[in-house]
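One chain comes next, on its own, written as structure tokens: the form predicted on its own.
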Amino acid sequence: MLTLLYKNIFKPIAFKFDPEFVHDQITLTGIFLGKFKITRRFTKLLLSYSSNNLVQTVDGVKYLNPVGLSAGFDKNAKLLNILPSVGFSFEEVGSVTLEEYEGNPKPRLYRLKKSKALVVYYGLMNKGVKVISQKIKNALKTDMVIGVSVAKTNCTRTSDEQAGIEDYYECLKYLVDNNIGDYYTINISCPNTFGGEPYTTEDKLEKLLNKLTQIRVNKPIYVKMPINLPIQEFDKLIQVIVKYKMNGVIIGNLTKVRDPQLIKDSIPENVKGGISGIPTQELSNNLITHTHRKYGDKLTIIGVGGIFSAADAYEKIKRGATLVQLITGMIFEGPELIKQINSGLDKYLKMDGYTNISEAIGAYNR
């Protein structure tokens, strides 16, 4: 019923307005719902699904289900109080940078309705690590895992390689020193920044991780991967990540390729940015399979890109993802999608004779 209401009433109206405006209004609604116990409970009654079959411990952290909110939706940690009631077992805040950045010029969010995708050009807009850390500290204590995506401040100063590394270092160090979050992600692959993606080559990633591993971190660290590299270049990055004993990788970020076979909408010339949603699905799935086959014993994989159903999430898990994240699917399908994915995963596990989600990870590769 909720999905029907969303698709037939709310979405047609919302999609007539600027997507950034709609996102801001949804955020305000989420803040309001998260303020009161009764609204949190009512939201949980409508949208949450739980099953012991979906519970797993990953890199020492307990997750009630494998579905998380990807970085980029709750940039400034405003929705921490309501997201557990929506059904997510974890969310990734940010990306967070050392200094505040107001964002790239508008338009910085554009819908591709036929393609089930978004063009994203926020450029690491956020309030900075100190403000966001305080918001995380002040949030209600729940069972939801909080990850923090770390990036370099988006400015001309940090487009210099060494200055960018120092910016990453100081941001991560602040989070670690103040015990913020349950895990960290090093975002090396945001395509909408000064200097592009400066740490997506083997030598530069080596310099970055060599510096960051000087910080004593006792929580899992993952690396958010670019999705458009040739497989040989992708492998070189993975080998650096293994060398520096990162816990895993997130596959992957926005696609920069405007593939006419995947993108059915015309995109105005003034609309810049990377593309999320269905156009990333196959790219993500293929890289997950490849990474799990070659490095599955060394790295945890978190799968992102084109998850619009339980079948999409299960596909990534059977290819090798331990956890999955989404944003765009929820925007197109509605907030009940998280419940549908978790209940659907539970059914798939029973159909395949598994007693826990962990047993399905990488099933295609065995």
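Fair warning: this is a prediction, and the values are worked out from it, not measured in the lab. Residue positions are given as counts along the sequence shown, with the first one as 1.
Although it is not shown, the form predicted in complex with a small molecule is what the next lines describe.
Checked against the small molecule in the predicted bound form, the candidates 47, 55, 58, 327 yield a single residue with a heavy atom inside 4.5 Å, and that residue is 327. The small molecule is not shown here, but in the predicted bound form it comes within 4.5 Å of a heavy atom of residue 304. Not displayed here, the small molecule is kept clear of residue 288 by more than 4.5 Å at the level of heavy atoms in the predicted bound form. Mapping the unseen interface onto this chain, residue 109 counts among the residues with a heavy atom inside 4.5 Å of the small molecule in the predicted bound form. Not displayed here, the small molecule is kept clear of residue 171 by more than 4.5 Å at the level of heavy atoms in the predicted bound form. The stretch from 260 to 268, 87 to 95, 160 to 168, 214 to 222 that comes within 4.5 Å of the small molecule in the predicted bound form, counting heavy atoms only, is 87 to 95.
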